Structure formats: C-alpha cells, structure tokens
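The data below hold one chain only, encoded as structure tokens and taken in the form predicted on its own.
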Amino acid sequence: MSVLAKKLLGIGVGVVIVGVLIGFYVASWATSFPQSVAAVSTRKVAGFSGTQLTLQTVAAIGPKYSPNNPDWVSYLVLDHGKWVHSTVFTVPANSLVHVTVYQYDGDTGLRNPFLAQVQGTIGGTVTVDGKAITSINPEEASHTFAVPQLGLFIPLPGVPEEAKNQCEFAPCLTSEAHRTITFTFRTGAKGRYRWQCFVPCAAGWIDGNGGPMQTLGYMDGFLDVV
C-alpha cells in the first residue's frame, strides 16, 4: 500500500470515529432531554378555561435527581403529586395559566433592578406569602421566572438567611422554610417559548452564569403552548 493510500485510509478511519462519537453525543443529548409536563386543568376563571402549574426552586437539586450535579440550583415541577426534575411545560394556547412557586432558595440579588418589577401577569401583580405586590427589592431576589416572548417577568424573593429549618436537598417540603409566590398569565399563539432565570445564581461559575444557568432542566426551559 502506498504512503498516500495509507494517509487516505487513516483520514477515513478518523472521520468514521469522529462521526460515531458525534452520533453517541447526539443520542445521549436526545435521551437526556427533560420530559414535558402538562399543566393541570382547573375550573373556569373569568370565562376562560385555565390550567395550573406548580413549581419549586431549590438551592441544591440533590443526588436523588442529579447524581452528577447534586449541588446545582434548580427548578422542579409537580406532576400527578410527584416532584419531577423538568423545565419543559405544556400549556394550552390563548388561555389562563395559574402558577404557584414554592421558593426554597436564599437571595442572590439582581444585577438589573428593572427585573425586580412584576410584568405580564393578570392584574400586574404577584402574590407573595399572601400579599399582592408589583415589585420586590432587587437585593432580595433569589430567582426569576421569565418568558421574554410573552412579556412575562416574575421576580422571586429569597428565603431569609436566618430562617430556621431550611431545605438542604430537593424535593423540599412545605414544612421547611420557603416563600409562596402565585400569579396568573395568559398565553398567546401556539409555539415553543423559552423561559429562564435571570439571576446569576450558579455559585462557582464565572459571573454566576454557567452550569445550571445554561443547562436545560435546571434554571431554564421551554413553555410549549399547544
């Protein structure tokens, strides 16, 4: 076999190996994509049929849900009475969505105070621990639930540092220290809408924006409007 033939054979084998590795990567990514969790139908509200999404935010997802990254901050969603590690939610188009967030993490603070303003909800408010508000102190923000394409920005205040009985790992219990945030918004046309947290809460990463902040299933996801 000539030198040229050997080189071409080597290149061909290398291309095949790279292709196989890419295939394994894509297959792994596809199978690890978070499952979509559908909002639960509720009674009619103001003439519109509504759905309910119940979420919780945690300071550490824990080994039960994420053995490789147990200390990552994360969202979870309630599905048929069980907390599921997913950030992909399915809701109907042109309808009301009622959201309850049990917020178990401490405050981190917003770099952009504008995001401390409630935007895009029915009535322009959210209810925090039973009190309707239109904004929070930017320094008290722990996370946000934001869907920019829908104009929805929800600041989530953190649990005070001195609070007793704080949750260590998910799933957290309502008997542990938390804030309860509720709000309602209306969806629009069918489509896939990106949502994310805008608080740089990834400790140990540059500017707090790596790791869970850029990984689907933790602090960002999709709202599938169908």
Partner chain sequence: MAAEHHAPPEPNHARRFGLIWLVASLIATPIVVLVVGPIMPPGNGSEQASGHVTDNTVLIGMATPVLLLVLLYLIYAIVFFRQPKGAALEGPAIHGDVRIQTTWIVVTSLLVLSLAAYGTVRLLEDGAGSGGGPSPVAVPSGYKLPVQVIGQEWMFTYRYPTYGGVETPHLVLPVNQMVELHVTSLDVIHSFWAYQLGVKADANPNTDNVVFVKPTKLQTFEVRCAELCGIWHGYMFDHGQVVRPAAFKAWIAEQQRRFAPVQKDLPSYSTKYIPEPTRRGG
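Here the structure is a predicted model, which is why all the values come from computation and not from measurement. Numbering follows the first chain given and starts at 1.
Beyond what is shown, the protein has a form predicted together with its partner chain; the following relates to that form.
Chemist: Can you tell me whether residue 64 touches its partner chain? I mean in the predicted bound form, with a 4.5 angstroms heavy atom cut-off.
Modeler: No, residue 64 is distant from the partner.
Chemist: Look up in the predicted bound form whether residue 34 has a non-hydrogen atom within 4.5 angstroms of its partner chain, and give yes or no.
Modeler: No, no contact at 4.5 Å.
Chemist: Taking the shortest heavy atom distance, is residue 153 within 4.5 Å of its partner chain in the predicted bound form?
Modeler: Yes - in the predicted bound form, heavy atoms of residue 153 and its partner chain come within 4.5 Å of each other.
Chemist: Give a yes/no on whether residue 200 approaches its partner chain to within 4.5 Å in the predicted bound form, heavy atoms considered.
Modeler: Residue 200: yes, in contact with its partner chain in the predicted bound form.
Chemist: Would you mind picking the one in 101, 96, 77, 110 that has a heavy atom within 4.5 Å of its partner chain in the predicted bound form?
Modeler: The option sitting close enough to the partner is 110.
Chemist: Judged by heavy atom distances of 4.5 Å or less, which residues of 202 to 225 approach its partner chain in the predicted bound form?
Modeler: Residues within 4.5 Å: 202, 203, 204, 205, 206, 207, 208, 209, 213, 214, 215, 216, 220, 221, 222.
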